[in-house]
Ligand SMILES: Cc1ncc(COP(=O)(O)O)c(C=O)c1O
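Only one chain comes next, encoded as structure tokens, the form predicted alone.
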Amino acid sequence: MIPFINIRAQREAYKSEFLQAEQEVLDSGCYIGGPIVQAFETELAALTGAKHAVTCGSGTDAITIALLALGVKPGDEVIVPDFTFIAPAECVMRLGGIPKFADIDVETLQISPESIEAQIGPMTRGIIAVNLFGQCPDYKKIKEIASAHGLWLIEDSAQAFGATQNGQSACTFGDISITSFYPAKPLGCYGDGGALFTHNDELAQKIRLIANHGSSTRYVHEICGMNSRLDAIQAAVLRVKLRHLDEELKKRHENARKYDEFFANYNAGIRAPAGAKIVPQKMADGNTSTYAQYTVLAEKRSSFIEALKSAEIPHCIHYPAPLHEQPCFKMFAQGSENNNAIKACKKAVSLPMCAFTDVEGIVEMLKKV
């Protein structure tokens, strides 16, 4: 069976580097924090151009820490995309906030600036924009809206570390930006991990305090924080992968190009019956993508999935329902007007994608279905 993400092949490709890096940590006796984590944070900041990079226990922790640093209180409303993973809305709700669900652009699948503006009310405090499937939404418009209404902005770049918009790196668009190092991400560790980025010195200090039990001096707790720290061995693994990220992103781009070419021919009538187009997520002008997923919108999704199954090609549905339809959010009774998010949930299918995916082989198998 073709792996959806070929983590084992990546491990084999850099195995000697991984073994050396892991052994150095094990021999050091320093397993949480320490020089390896500090070096990784320095490298993250240098690559993105952010003034501060602070690692933590997961991408979800990173969102929670960002919300705490920005002072979210019970009853505060925070605008989030309706079409994305649950984490942004979940973290808002966990702190007593109210997620307000914005619709998406029908082609790029990114959060819609117009829908953001329509959700703003007297209790709105901020916006969480998600760089979905590896590319950025329209941050110029989103930041203009945030500024005009006095709102803060969190950039959720869990799927897009290494992406750019008009030459600016992802993880630098928000008052606080976050990413995830979950193993399936383009830059993933061997467990959970995450990081936060900011240009603001005061926010960086708050982030570090919150992530370490509210403490900058041992056993002195300035605020009530949480325990969210990156293990040194995960930092060591990530430093190895970071050295190869640029070449892996190039391979992801080339794999996406091969998929694009196949579906362009498919939609031209070579393979597609009438009304059964399969349209890849549109790349917005000025964007580069990490292609965390290669996601298409299939007019007849069930038929397409059957074709994938018959060819033994794995797939995922990102995402099967808009967030406003999730049982845990139904109490908020809003979001049903988000037609683009609803449509995307009925059509979206993600295909195997990573630097080690044999897309040529997959395409050849699809041609035979």
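It should be emphasised that the depicted structure is a prediction, and the values quoted were computed from it without experimental measurement. For every residue, the number given is its place in the sequence shown, counted from 1.
In what follows, reference is made to the form predicted together with the named molecule, a form of this protein that is not presented.
Only one of Thr198, Gln281, Ser180, Gln135 comes within 4.5 Å of the named molecule in the predicted bound form through a heavy atom, and that residue is Ser180.
In terms of contact with the named molecule in the predicted bound form, the residue from Gly126, Pro99, Pro186, Gly193 that brings a heavy atom within 4.5 Å is Gly193. Although the partner is absent here, Ala87 sits close enough that one of its heavy atoms falls within 4.5 Å of the named molecule in the predicted bound form.
At the 4.5 Å threshold, heavy atoms of Ser58 reach the named molecule in the predicted bound form. Proximity of Ile210 to the named molecule in the predicted bound form: non-hydrogen atoms within 4.5 Å are absent; the residue sits far from the partner. Though the partner is left out of this view, Ala236 does not reach within 4.5 Å of the named molecule in the predicted bound form, counting heavy atoms only. Contact annotation: the named molecule lies within 4.5 Å of heavy atoms from the stretch 59-67 in the predicted bound form, the single such stretch among 338-346, 304-312, 59-67, 42-50. Contact with the named molecule in the predicted bound form holds for all three of Val130, Asp156 and Gln159, each having a heavy atom within 4.5 Å.
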